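As structure tokens, one chain now follows by itself in the form predicted alone.
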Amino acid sequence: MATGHHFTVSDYVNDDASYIHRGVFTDERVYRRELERIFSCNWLYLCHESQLQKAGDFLTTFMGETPIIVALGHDGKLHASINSCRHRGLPVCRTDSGNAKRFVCPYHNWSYTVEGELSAVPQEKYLQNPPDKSSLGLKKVPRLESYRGLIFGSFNEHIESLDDYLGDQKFYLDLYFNRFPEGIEVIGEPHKWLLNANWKLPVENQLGDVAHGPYLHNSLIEKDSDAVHEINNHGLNCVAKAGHGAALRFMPEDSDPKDIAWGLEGFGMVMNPGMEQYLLEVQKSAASRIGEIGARCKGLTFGVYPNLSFLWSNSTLRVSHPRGPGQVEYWSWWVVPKDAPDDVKEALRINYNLLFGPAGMLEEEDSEAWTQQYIGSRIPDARDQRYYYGMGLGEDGNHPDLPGLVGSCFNEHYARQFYLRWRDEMDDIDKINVE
């Protein structure tokens, strides 16, 4: 493409999203537009309610590139504020999580309540006209809502409710987050690491790309294994609403409960008798919480637009935080059933650390693939060669039992729907002058 070419929307993503321009992953001005139109306008995952238990509990996170403090106030409500002092802009909280009465800027010692209100200005006692502290609180995230303990925020005051935003994706989220009698909890701090890749690459992978498993991960996932045959025969990619996704195995009605209970077997996972018994008991009562259809679903990967992912069998929530067109800060939390016995939680911890997280066996292979995909996207003489996203084009459709558009596990419609939504939200991308 010539330098200075003014791209139209269709230059980046064609009308059925079967072809994606490499600049979607590399162009700086596209990235800046994403921060404005995607990360400032949608619901973004912040944390899980289990991480904030007592008044004053807080954690720090990001919405796009914007640093955020999420805290449980002394009023019993959740508050999310931009982590930037109203005086000179320094972060007022420099810790990942904890419990506090005040957040204090290190520069001039302006202090704020955990609710985000300006509490004290040390210098004001020397002034004849002190500042109006009531107007100088931290900037609030105007919308906070939660679903099944998953807390989301949005800078868009007029955004639809989280319930409407998720739509039928709630059915797929419930398969895990409503499966266990006492719900789930997040344990410990997130793993965080930087990758030289675009933020969308981990997202699209975990919306439904299970087809790469026996190839990229063939050291653990053999092509002729029972687990791969099960995915080939029963695997589905589901798009309840454009941008969201769920990859699962929809098992036959007459399946043995043991074959549906978790979905760990065959992927190098560690099991023990206590874990097997616990998961089997959960499976036997699952229909009472998620229905007969839900109880037949073995989840693989789920995604909520734009950047939340969940890997079922590896007990991990993860967020793809953008740090530029060619860098992503990846966060991964360990998630477990709240009422699981300690030996079950320990087995799940081993599984999580073995396969995912910065040193996980599968994580390292995925990370290398995303990094190499970004490098490939920057090849100057290949910019006229768009990526093909047309696998299974026209083969997805309605399913008699599952909501949304459903296709085989090899159908890339989860990615096409993501990029069609992306294209709609980047609606005046044609104003971007690509260098």
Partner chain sequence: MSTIDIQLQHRIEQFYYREAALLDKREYQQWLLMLAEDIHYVMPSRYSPQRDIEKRGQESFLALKDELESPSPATAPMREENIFTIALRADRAYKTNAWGFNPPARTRRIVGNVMIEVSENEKEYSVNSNFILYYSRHRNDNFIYSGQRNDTLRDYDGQLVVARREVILDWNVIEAPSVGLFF
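Numbering follows the first chain given and starts at 1. These numbers come from a predicted model, not from an experiment.
Keep in mind the form predicted in complex with its partner chain is missing from the figure; the text below concerns it.
Visitor: Does every residue of Leu175, Asp259 and Gly397 put a non-hydrogen atom within 4.5 angstroms of its partner chain in the predicted bound form?
Guide: Checked in the predicted bound form: no contact with its partner chain for any of the three.
Visitor: Which of these residues, Leu220, Leu136, Ala120, Ile159, gets a heavy atom within 4.5 Å of its partner chain in the predicted bound form?
Guide: Contact check passes for Leu220.
Visitor: May I ask you to choose, among Tyr165, Trp334, Phe310, Tyr278, the residue with a heavy atom within 4.5 Å of its partner chain in the predicted bound form?
Guide: Partner contact (heavy atom, 4.5 Å) among the options: Trp334.
Visitor: Please run the contact check for Tyr215 against its partner chain in the predicted bound form: heavy atoms, 4.5 angstroms, yes or no?
Guide: Because a heavy atom of Tyr215 falls inside 4.5 Å of its partner chain in the predicted bound form, the answer is yes.
Visitor: Against its partner chain in the predicted bound form, would Asp401 count as a contact residue? Criterion: heavy atoms within 4.5 Å.
Guide: Asp401: no, not in contact with its partner chain in the predicted bound form.
Visitor: Report yes if any heavy atom of Pro358 sits within 4.5 Å of a heavy atom of its partner chain in the predicted bound form; otherwise report no.
Guide: Pro358: yes, in contact with its partner chain in the predicted bound form.
Visitor: Using 4.5 Å between non-hydrogen atoms, is Arg148 touching its partner chain in the predicted bound form?
Guide: No, Arg148 sits far enough from its partner chain in the predicted bound form that none of its heavy atoms falls within 4.5 Å.
Visitor: Would you mind picking out the stretch of 231 to 239, 127 to 135, 105 to 113, 182 to 190 that comes within 4.5 angstroms of its partner chain in the predicted bound form, counting non-hydrogen atoms?
Guide: Stretch 182 to 190 is the one.
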